[in-house]
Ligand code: SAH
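Here's a solo chain for you in structure tokens, the form predicted on its own.
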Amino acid sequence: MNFDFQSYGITRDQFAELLSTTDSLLLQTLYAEARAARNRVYGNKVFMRGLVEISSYCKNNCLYCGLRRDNGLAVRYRLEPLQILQCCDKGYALGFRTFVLQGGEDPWFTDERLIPIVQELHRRHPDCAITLSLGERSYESYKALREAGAERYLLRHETANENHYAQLHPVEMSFSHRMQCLSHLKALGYQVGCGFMVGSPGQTISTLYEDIQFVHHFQPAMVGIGPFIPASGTPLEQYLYDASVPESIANTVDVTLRLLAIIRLLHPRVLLPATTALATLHPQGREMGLQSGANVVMPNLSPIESRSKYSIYNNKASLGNEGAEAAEATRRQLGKIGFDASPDRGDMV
């Protein structure tokens, strides 16, 4: 197989073969080509982002998410502005030069409250990149936050298939609006991240191919993908992978690794996280992601007492090497497997 996907794209038949093959030599070649593509652009650098989960409140009712509005099992919290800044100050002292403020779509975090936080964070740490991951907002809001100092925005598209989107979201949310938000972010000059879950209900090889094609044409700065993990208290909490269903995605860790490699080959300059979901389902998930073409890890800077409350899915890893307290241990571990934990901001080149 020709792995020069950047020049020639990937056909649906090639894609289906890579997702379904049991040929170990073909897979070894796929991962080796992905690592080589990453190394030609970034060398052996792995960029460390400091994640701050600012709120578990959300106005939306997405069918898969543990933070959904109607989930009575969700434990709600909201960080105060000073707490957010203190988390980032701690991260700066630990060597982080990118901060990711992530949360549910919490109506409390209006522009009037968010903009001063972004401005103060930018004032305190002008050499750092500020990333927001706070869902769908208006064009005017995105513009104001960009002008306040936010440079990056992560908004998973979830799926590039409109019918599949409707299977995962309530009727008041629309596929077209999600895509419009991504378009607005790019037009405003953000470094934009998109992404999707692997193995979500209704997903098939065909819908995944649409996701890959979307990534190829949108050319985001970052793509966040990870295995779908059911969340208690949601309509999809009992979802089980059914290998008897045509094109069913059964082994989500394995498929995620294959997709990371394919995305890297399609878009060699992209920033690809080895996500917490991978680490949640497999003890070496983060390392496996890096060996498949990823080059970003996001240790958790949130207050320890709040981490278990940000339960977007069951048993989310947030301590150990997923916690920022283990930053030095993480650097040593990355060094043992041939990577350099970079103190850089880690912009897409």
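Numbering starts at 1 and follows the sequence shown. Note that the structure is predicted; figures quoted are calculated from it, not measured.
Not pictured, yet referred to below: the form predicted in complex with S-adenosyl-L-homocysteine (SAH).
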| item | value |
| --- | --- |
| Contact test, all of 158, 227 and 312, partner S-adenosyl-L-homocysteine (SAH) in the predicted complex, heavy atom 4.5 Å | yes |
| Option touching S-adenosyl-L-homocysteine (SAH), based on a heavy atom within 4.5 Å in the predicted complex, out of 162, 254, 120, 105 | 105 |
| Proximity to S-adenosyl-L-homocysteine (SAH) in the predicted complex, single hit among 185, 197, 263, 271 (heavy atom within 4.5 Å) | 197 |
| Options 96-104, 211-219, 144-152, 120-128; stretch whose heavy atom lies within 4.5 Å of S-adenosyl-L-homocysteine (SAH) in the predicted complex | 96-104 |
| Heavy atom of residue 71 within 4.5 Å of S-adenosyl-L-homocysteine (SAH) in the predicted complex | no |
| In the predicted complex, residue 64 touching S-adenosyl-L-homocysteine (SAH) (heavy atom, 4.5 Å) | yes |
| Contact of residue 178 with S-adenosyl-L-homocysteine (SAH) in the predicted complex (heavy atom, 4.5 Å) | yes |
| Non-hydrogen atom contact residue 133 with S-adenosyl-L-homocysteine (SAH) in the predicted complex at 4.5 angstroms | yes |
